[in-house]
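One chain is shown next in structure tokens, namely the form predicted alone.
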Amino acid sequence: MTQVSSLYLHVPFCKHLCNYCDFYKKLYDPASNQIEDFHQFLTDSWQRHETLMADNAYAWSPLETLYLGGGTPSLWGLKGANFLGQWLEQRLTLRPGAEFTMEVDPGTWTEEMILAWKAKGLNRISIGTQTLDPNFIKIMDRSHSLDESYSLLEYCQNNDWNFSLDFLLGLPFSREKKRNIEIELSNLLKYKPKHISLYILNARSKYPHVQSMPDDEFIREEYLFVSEYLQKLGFVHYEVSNFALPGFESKHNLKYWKGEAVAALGPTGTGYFPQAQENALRYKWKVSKPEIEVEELGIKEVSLEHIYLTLRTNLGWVPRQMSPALEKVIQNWKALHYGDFSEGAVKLNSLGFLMLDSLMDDLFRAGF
């Protein structure tokens, strides 16, 4: 039996449905039975998930990582802490020192709630700040205020939490309104975060501000500026969208990028189980009922995902064999200063990370 020691749990509630967000969520109504229905969804899902694991020779071991994403998991509140604490005790255990992360948006928490989750093992918080410019908070259709962001940041700093911050680049009107990301970053870093997730806004065709998005060159300059700025302050650019002080990388997300087993529960939660002979199984929970869609990945799909995911990180990709076509591709990457290509490994730098999709196209043309 292969052991599973990581679990992602998708909590779909949101205080407000931001107009740029593509994740599955639904507007939270505290007067409704939404939370009780969610608890029933999880309970009904469990046996289906146990069957999936048994059929594929997987078994639980004490969790090394538990990640509550969304949505806005902090809206689960005290009810969630009480439910999940009892629910896990009946089914799973947390390994001593396990990384237990919850996404928390400003304006969706109380100290009582945070302490209740801490009592259940929570030891890492991911804060959805996105920006510290009040003009862009409004443009991004966020429900929180700047004061609410500062309140949560102060709480985490004063109580010595291990916390991460989300920071968005490529925002609409950035050039016209002269967004100053250096000032925003300087203000954020005063609170001593251990980790920063840096995302580029991907605007859909129906996004209200799609005509006001900055061009690729502007985004490139933003991304490379932030990367250089953070690295000078001791952060490691360890994945395309993630920076951490040494030792504070996201253990949960590293499981995905290394292609290790991660289980999932909750509507749209997606799990991944590697299998023998370099095959894998990916599954995703449906929204309306506790059923799953299963995708079987063959050797070719798993191999391509391995290349893509390892290139995303500073772990690097080690080609199994070097064909003349691949050698030519890598020599071109080297000439363009996309990373470190010593000792048989391809380790991209920040510029290489930014160009990753284009680099994958190079590999496809080379026969991969």
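In this text the structure is predicted, and so the values were computed from the model without any measurement. Numbers follow the displayed sequence, beginning with 1.
Not on display, but discussed next: the form predicted together with a small molecule.
For the chain shown alone, Glu278 is not a contact residue for the small molecule in the predicted complex, no non-hydrogen atom being within 4.5 angstroms. Among heavy atoms of Cys21, some come within 4.5 Å of the small molecule in the predicted complex. Interface residue remark: Thr101 is not counted as part of the site for the small molecule in the predicted complex, having no heavy atom within 4.5 Å.
Among heavy atoms of Gly71, some come within 4.5 Å of the small molecule in the predicted complex. From the list 283 to 291, 104 to 112, 265 to 273, 242 to 250, the contact stretch for the small molecule in the predicted complex under a 4.5 Å heavy atom rule is 104 to 112.
In terms of contact with the small molecule in the predicted complex, the residue from Asp166, Glu221, Glu260, Glu154 that brings a heavy atom within 4.5 Å is Asp166. Checked against the small molecule in the predicted complex, the candidates Leu297, Ala116, Leu84, Ile200 yield a single residue with a heavy atom inside 4.5 Å, and that residue is Ile200.
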